[in-house]
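Provided below as structure tokens are two forms of one protein chain, presented individually as structure 1 and structure 2.
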Structure 1
């Protein structure tokens, strides 16, 4: 029983990292109807920007805040340069362009920092102990930040005018534009928020992995896609639910079956669910 509860603690932290990352991706898809394959590189940028700022003397938390804001701005800039001119040409040119952008960003990081893993500046902290269980402070912090992010996304979508306009553009961009919504502004805001959340996901992922390298976001993108598809693509709440299922499945599969096939468990869960509900858990739910 103790082993089960201990694994659950790590499973919830993993689910939190996936949930934050998946929500950012599904927000951008919901408004733009475009699956951005460069999204994983925004996670990598969040981790590396934090590393650079911390190396310059900033404490970890302020460095992470500045880093995720920079990633948000970088996301808008990249969208304007590479994606906006292609929006009217259909999904295939956008998809190929996003893959190219991913490799450009990844190799730029390799040029400046090399391919060797870099240690993320996570301070050593004693875990909390309750009976036979231990609660690593980093994992508890990740879970709290993830819950806060989910709440912030919920309040954004349900309680703010920007969120309501994002939902209107997601449901029907043409109708939203006719109704007076500045869809171009909403798309830019969506790119900023989505990229900012990706940067935050990258910081959380770096804390769990400790060592970071330029391909970390690209590798983790497969897990993000699994959670997004499982929950129902374009559904933020579905992405949260899908992330919990994937995160728990990965950790328990690693703990009880085989430690070398962590990502395989994510896709096994995805395949099983989609066989019975192809649209995802919350796909088609309004």
Structure 2
């Protein structure tokens, strides 16, 4: 029982990281309608920018905030350069282009920073103990940040005009445009928010799961895809639900079935979803 509860704590933190990342991906799919294979690199950039700014003397939290905003801007810039000119040509050219962009970003980082794994200068913290369970502070912090992000996305989509326009553009771009929504602006805003959230996901990922290196986001990409598709692509609330299932599946699969196959559990869930319910739980948009 203790082991079960302990695994649950880690599963929730993992789910939090996945949820943040998956919500960002699904938001951009909603408006642009293609699956961005370069999305993982935005996580990587979030972690690297934070590391660089922290190395330049900023404390970790402000460094992360500035880094995440920078990733948002980079996302808009990259979308304008690489994706916008292809928007009218359907999903395939965009798919291949996003793979190309992933190669470019990942290897630019490797060119200048090498492949050696790096870590944030986080001090070693004692976990809190409650009974037989321990709660590492980093995991708890991640859970809180993830919940905060989910709430922020919820409020953005439901309570603000921008969110309303994003939902309108996602449901029916043509109709949104004739109703006076400036869809170009909405697409830019969506890229900004989506990339920003990805950057945040990367910072969280680097705190809990993996060392910081140029391939970290690319290796995590399929886990994000799994959560996104499981929930129903383009559905932010579905992505959150999908993330919980994937996070729990990964941690419990690792704890109880086979320790070396952590990511493979997520991929297996992904494949099962694609085969039996490709539209996902919430019914993805096409």
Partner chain sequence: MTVEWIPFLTLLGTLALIYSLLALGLNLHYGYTGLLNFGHVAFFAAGAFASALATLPPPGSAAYQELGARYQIGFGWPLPVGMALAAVAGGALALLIGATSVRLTSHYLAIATFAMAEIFHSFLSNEEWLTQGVYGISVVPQPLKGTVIPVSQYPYFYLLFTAITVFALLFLTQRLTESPFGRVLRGVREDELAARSLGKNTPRVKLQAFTLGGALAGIAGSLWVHFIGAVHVGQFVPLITFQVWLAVLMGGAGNNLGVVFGAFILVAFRESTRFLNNIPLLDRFTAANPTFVPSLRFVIIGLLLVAIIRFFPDGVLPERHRKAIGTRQDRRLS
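Since we're looking at a predicted model, the values are computed, not measured. Residue numbers count along the first chain shown, from 1. Rigid core (definition): largest C-alpha set, two forms, superposition within 1.5 Å.
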*Which of these two chains, shown alone, is the form predicted alone?*
1
*After fitting the rigid core, is the C-alpha of residue 10 off by 2 Å or more between the two structures?*
no
*Quick one: CA shift at residue 275 between the two structures, core fit, Å?*
4.8
